[in-house]
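Next up: just one chain, as structure tokens, the form predicted on its own.
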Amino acid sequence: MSLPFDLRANPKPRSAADRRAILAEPGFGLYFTDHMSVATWTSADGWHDSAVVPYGPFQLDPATAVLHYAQEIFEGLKAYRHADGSVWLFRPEKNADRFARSATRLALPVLPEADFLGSIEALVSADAAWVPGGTEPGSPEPAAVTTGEQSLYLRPFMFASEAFLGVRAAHRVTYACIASPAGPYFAKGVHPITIWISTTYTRAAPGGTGAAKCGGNYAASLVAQAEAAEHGCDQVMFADAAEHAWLEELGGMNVYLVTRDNELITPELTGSILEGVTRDSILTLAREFGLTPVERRVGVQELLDGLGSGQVTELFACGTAAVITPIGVIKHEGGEVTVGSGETGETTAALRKNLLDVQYGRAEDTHGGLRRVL
């Protein structure tokens, strides 16, 4: 039986004027809606105490297990407003599946797919006015002018909330989903970024948590991100932990190569690479753009040689937040190389446009990825 996520309305929601001001310039991850979905799991009672409640802080004991052993996971997806005012999710079942796999790897209880989706849909329904592009209740005017890439970012997460310092899986776990209105990831338009290939630090190793979406992976990437910044780069690309010779992924995005032979290549999933929903969506779309999708190991030297010879014509990263991000320059210990002309490639731009058009209802959803909420 599915968990009920009944609404316990926030008695002090933000005013319509405050909401309009936020939606006009939301940024990313800066503001949060009036409610959040919550549920509790205990080893004795399973999942219970589920509801949509007023957004607010958790009260945690100093001995709460997550603060000491980082037993937690999270997800990221978006709600999109279509031109007719309806609101949709894009392939949320894939997020539910990955959330379950992450839970298993971190010794957390699995939240059933129906409950994962139910918590998100109940929250979006409660805070529908926060989805950019809609109308305020009682007003025919749009709540904010959209640019075509505004959305409501959704962050489901789960953490060990038992107060206990023994090293074991927690017997009490808290689940929550919060929502944050998001503007375009590139406020000034899409532009190619510069990447630093790190051979000093690694993101994950075989048998580790690389395939799970957990905070520890991101914490481990921050020092490498700082290393990239020291070299004048926007992002870091990690190589494998064993040989430092094979491409894996960026700090928060998967990576793709486009070749002059019309291959679309991405590093294969080895257990240390996160299986991105956007990554999978691009593989699905590839043949519609005359591309042959290829998942295999990609050598760092192969990439550098391919860029030098022109065999690799485009390079891009992908993820939920930025969708598809063109890469213009690669820097490494031995120097740097420009990707193609250094500008956004035609294939990269076309894939990005198509994916966004499907998500926002501007193009036909031929693969059935959209799920209507409102």
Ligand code: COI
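When you see a residue number, it is the position in the sequence shown, counting from 1. Every value quoted in this text rests on a predicted model; they were computed, and no experiment measured them.
Same protein, other form: the form predicted together with this ligand, not shown, and the subject of what follows.
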| property | result |
| --- | --- |
| Any non-hydrogen atom of Y218 within 4.5 angstroms of this ligand in the predicted complex | yes |
| R155: touches this ligand in the predicted complex, heavy atom cutoff 4.5 angstroms | yes |
| 4.5 Å heavy atom contact, A321 to this ligand in the predicted complex | yes |
| Contact flag, F28 vs this ligand in the predicted complex, heavy atom cut 4.5 Å | yes |
| Which of 190 to 198, 168 to 176, 74 to 82, 287 to 295 sits within 4.5 Å of this ligand in the predicted complex, heavy atom basis | 74 to 82 |
| Site test, R20, W88 and G133 vs this ligand in the predicted complex, non-hydrogen atom cutoff 4.5 Å | no |
| Contact residue in the predicted complex, from G210, P267, G252, P92 (heavy atom within 4.5 Å of this ligand) | G252 |
